[in-house]
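So this first bit is one chain, no partners, the form predicted alone, shown in structure tokens.
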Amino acid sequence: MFIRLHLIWSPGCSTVLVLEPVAAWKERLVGDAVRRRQESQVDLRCSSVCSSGKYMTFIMDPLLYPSVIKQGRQLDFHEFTDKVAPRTFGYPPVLGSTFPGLWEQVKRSFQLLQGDHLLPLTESMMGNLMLVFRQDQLDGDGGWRRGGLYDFCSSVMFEATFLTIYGKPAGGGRHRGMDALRKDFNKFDDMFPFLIAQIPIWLLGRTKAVRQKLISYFLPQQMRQWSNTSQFIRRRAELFEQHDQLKDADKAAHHFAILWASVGNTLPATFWATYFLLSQPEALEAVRQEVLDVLRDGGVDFNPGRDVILSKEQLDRLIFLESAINESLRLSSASMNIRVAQEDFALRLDNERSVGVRKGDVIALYPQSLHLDPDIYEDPQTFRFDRFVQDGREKTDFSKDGQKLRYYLMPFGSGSSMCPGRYFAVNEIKQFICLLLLYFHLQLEDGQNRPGPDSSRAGLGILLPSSDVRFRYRQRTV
């Protein structure tokens, strides 16, 4: 069935995106004139155009975001994800009577990625990053090496994250075939936008075979042999074992979905943060000096011949590094926050405006418009590593039209749909960059253009670069 996308701008507050079959679009042309006459008395600042098919209302004014986010009961996120995610990753929906209680238990398991549970995850990630760096890059050769920056960042982060979340093979050390696993993951990830759009997987070439291959990596009999598995994955495995209706392939598909959630956005986010720092040598040096100062305050004089450990408390003190990461997320994030109306109601936007919402309607926030708004961020297309630092502390005071914004940076979603692994993700990006700056001299190669974002993933998170970036690096000796 062909779908036509029709954008309708509602002056002052929102945009409506109508997805409809072509036949319905032809029918709509006839009925639009009648409907417009009927709706002529409606406040056009927030008007919607009704048509057959599904439609979405985009709230464009960031000052109105709190009105949407606080409607957790009437505007639900989970209904959308429970329909789309199972089709995308190949497991049966768990929201409903088939698996009583499983959905709530799975949601609660994400608490194991936050709070005090971050401490062992942070420690494990630091050790795994050092393991990969030591064995692959820190071999004592002081000469320059060259490569693609995205490939470098993604290969290190993919494996270190995998070891941290899922654990090590039975004999310890590193899993075999990690490069092949990452290549298969990239093939699946290339098709991810089509799967999320609910294009049947059988129309996407070998994607189903690739997905099945990835799922098979996480079959329970194989995962039971791994050691040092995170508490998060162990808990999920325990929950799945309590439901006999779940086949082994279903359980494996759930674990595969976590792999995508763990690295699908973290890999490009790591690339962008690293790239932007390398593109501004003064920013890179300022962040490196901050890391050295934090180590020195902890009684450590860095020596490239020894492994370094940065605690979560020390990572939290790296305000310029965190600002640089936040700034790179601001420039590269294009996520969409989606809510589905659970009933007919009037969504009040402010003291003067409200919009009628019908059950099943979709309300969406698109924070990229906020992130690139020149009224909020001066010179918004420019990377400023210290944009989120003020008077030596994190800057949180951003405003629009003279009003302070409650939500000014939203790369991880909002409200109940906010990414539960966001703290772990930022921590591991910090760890990667710290080690990279401590142990290596790094330079972007001359004669190449600034990489642009690949807009094919707009709405799905962090945008990938349209092309890789050539860089060179060599091990530091002092």
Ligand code: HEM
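Numbering starts at 1 and runs along the sequence shown. Note that this is a predicted model, so its numbers are computed, not measured.
The same protein also has a form predicted in complex with the ligand, omitted here; what follows describes it.
**Q** 212 to 220, 173 to 181, 107 to 115, 383 to 391: which one contacts the ligand in the model of the complex at 4.5 Å, heavy atom to heavy atom?
**A** It is the stretch 107 to 115.
**Q** Determine whether any heavy atom of Phe424 comes within 4.5 Å of a heavy atom of the ligand in the model of the complex, and answer yes or no.
**A** Yes, Phe424 is a contact residue.
**Q** According to a 4.5 angstroms non-hydrogen atom cut-off, is Ala160 in contact with the ligand in the model of the complex?
**A** Taking the distances in the model of the complex, the answer for Ala160 is no, it never comes within 4.5 Å of the ligand.
**Q** Is there a non-hydrogen atom of His243 within 4.5 angstroms of a non-hydrogen atom of the ligand in the model of the complex?
**A** No, His243 sits far enough from the ligand in the model of the complex that none of its heavy atoms falls within 4.5 Å.
**Q** So in the model of the complex, does Leu464 come within 4.5 Å of the ligand, heavy atom to heavy atom?
**A** Close contact is absent here: in the model of the complex, Leu464 is far from the ligand, nothing within 4.5 Å, heavy atoms only.
**Q** Identify, from the list Leu331, Ile165, Leu347, Leu239, the residue with a heavy atom within 4.5 Å of the ligand in the model of the complex.
**A** Checked against the cut-off, the match is Ile165.
**Q** Could you work out which of Leu284, Ile258, Val156, Val291 is the residue within 4.5 angstroms of the ligand in the model of the complex, going by heavy atoms?
**A** Checking each option against the ligand in the model of the complex, the one that comes within 4.5 Å is Ile258.
**Q** With the partner left out here, if you bring back the ligand in the model of the complex, are Ser262, Ala269 and Glu428 all within 4.5 Å of it by some heavy atom?
**A** Yes, each of Ser262, Ala269 and Glu428 comes within 4.5 Å of the ligand in the model of the complex.
**Q** Let me know which residues along 405 to 422 have a heavy atom within 4.5 Å of the ligand in the model of the complex, or say none if there are none.
**A** Heavy-atom contacts within 4.5 Å come from Pro411, Phe412, Gly413, Ser414, Ser417, Met418, Cys419, Pro420, Gly421.
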